[in-house]
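Following this are structure 1 and structure 2, which are two forms of one protein chain, each written alone as structure tokens.
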Structure 1
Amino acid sequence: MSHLLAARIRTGLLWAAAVAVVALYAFPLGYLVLTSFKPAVDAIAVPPTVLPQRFSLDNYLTALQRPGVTASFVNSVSTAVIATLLSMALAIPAAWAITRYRSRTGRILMAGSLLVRMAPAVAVGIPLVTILGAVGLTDTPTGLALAQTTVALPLSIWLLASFFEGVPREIEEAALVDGCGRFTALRRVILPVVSGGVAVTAIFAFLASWNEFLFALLLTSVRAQTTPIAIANFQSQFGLDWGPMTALATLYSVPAVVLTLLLQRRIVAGLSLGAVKG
């Protein structure tokens, strides 16, 4: 009986510990959202309070009325969409070549992707400024998307390769017997089988671009400025204007959180695969 009681107490303590850890971990994010709904003056009150005394949407209105903020959202979306589409269009055939045919080009590409991951972004970004400038792509969403593809593409190749590994090659062979060409088989038979993995990879590619900062800082000035840069500019231009900043930061986090919710379980699988594979 006392054994049972001891075990119960131990489990209870473990649960309490887990809840405490998660609460502590979630606190900064919760505080960000709570602050965004405080009136601007209360956001920087001394001493600070956790809960809003009054609920207000002023910070959101102020943030969205700042020049360039709405345009930056449009730029962020178009850049991330271009980078994602480009990465997926290139990574799907490459990953299939790597897993199904074990070609030498594929292996080199795999190793190359790993090396790219180790190169500091500044080392790639600084020369890219001149190169993209020479082809007239500075300060455009397309130019920035191309730069961000250097991050999203290697990641996509590795992730997709691990998802493709689970596809039995009999599926392709059956499609070939049915008269499909190899490319048609990939498009019409293999891809539907791994659609979940493709979706997760696309989300990771999208988030990589959505959250990216350094290339956006180096490669955009006015026309193609993305929201992370707009958020960063808040503090230098307007001093300690924290209220609207928390509002913009909250808004910017919404798409990422929604995408994650949609594919929650698969994303966990994708993250652990990505971790083990690089």
Structure 2
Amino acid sequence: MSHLLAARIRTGLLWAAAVAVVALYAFPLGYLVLTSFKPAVDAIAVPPTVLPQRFSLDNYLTALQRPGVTASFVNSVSTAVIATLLSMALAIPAAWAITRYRSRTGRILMAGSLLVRMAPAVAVGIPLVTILGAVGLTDTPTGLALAQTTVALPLSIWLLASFFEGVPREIEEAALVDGCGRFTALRRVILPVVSGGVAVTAIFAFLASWNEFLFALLLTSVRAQTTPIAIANFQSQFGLDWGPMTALATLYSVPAVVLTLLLQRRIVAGLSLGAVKG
């Protein structure tokens, strides 16, 4: 066997493995989307079919006409945006100070944030029910955003710390010599250098809040109910209403998919920045 033929076989096997992995991950989402276009009878047919016998938008109309669905989308967007902004506002100075001063307090803060991130969500959520209830923030987007920040903030600190570690100290020292203060150097010099990492961190913080379910279940009832809870509400004593449920889940997946596709270059650039310099 020639070397050229062997190389082509290896390349073909690698492509086949890559396609198989992508298909494995994409199948659940593809099945969800295809089911959302099936008529109600076909959506619960046994045995199930992958492709719809005929395409129908009835599931989308049924889902969107359900009371509270539109408000749940607004609540999901508002809480995710607030949690992302709050996480970034706290994580940027925290990660920068930890990487620059390298104090024991910083190491303890990093270990504490990791501990909070690794703890089961229910261990954090149950105390939050009492705390937010005491200050009157239960069933409000603000209260839910504060709760989701406890999930996004530790992740943001760890990601940003790796990006800040990759910035040479000489850049910041040159800015200080030129008359910048610490925070001015951070804002005008350091942040533009790690802008890709900041974008990546913001995306992950947004997605962490966007996909969060348990806190929304514990802390909301009517006014601040998010879309994941609205999707779960399609379950009744008679079973699951598969058609509208898959339609609403498909609509809820669109913003996350679009955001990832639009910012994929920034994500790759940010991850490469952390990999090379971290």
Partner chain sequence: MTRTAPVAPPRTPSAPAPGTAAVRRRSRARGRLSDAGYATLLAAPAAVVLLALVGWPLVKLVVDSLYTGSGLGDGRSFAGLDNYLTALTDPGIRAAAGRTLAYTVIVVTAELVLGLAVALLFHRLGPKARILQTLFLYPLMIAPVVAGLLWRFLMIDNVGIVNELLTRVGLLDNPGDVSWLSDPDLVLFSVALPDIWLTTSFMTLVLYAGLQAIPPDLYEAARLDGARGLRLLVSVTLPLLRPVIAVALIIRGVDAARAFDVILIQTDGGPQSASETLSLTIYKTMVSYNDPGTAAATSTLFMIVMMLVAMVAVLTIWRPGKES
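Counting starts at 1 with the first residue of structure 1 and goes up one by one along its sequence. What you see is a predicted model, and the numbers here were worked out from it, not measured in a lab. In this text, rigid core is short for the largest set of C-alphas that superpose within 1.5 Å between two forms.
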| property | result |
| --- | --- |
| Between structure 1 and structure 2, the form predicted in complex with its partner chain | 1 |
| Distance the CA of Arg10 travels between the two structures [rigid core superposed, Å] | 5.5 |
| Rigid-core-superposed Cα shift at Val22 between the two structures, Å | 3.0 |
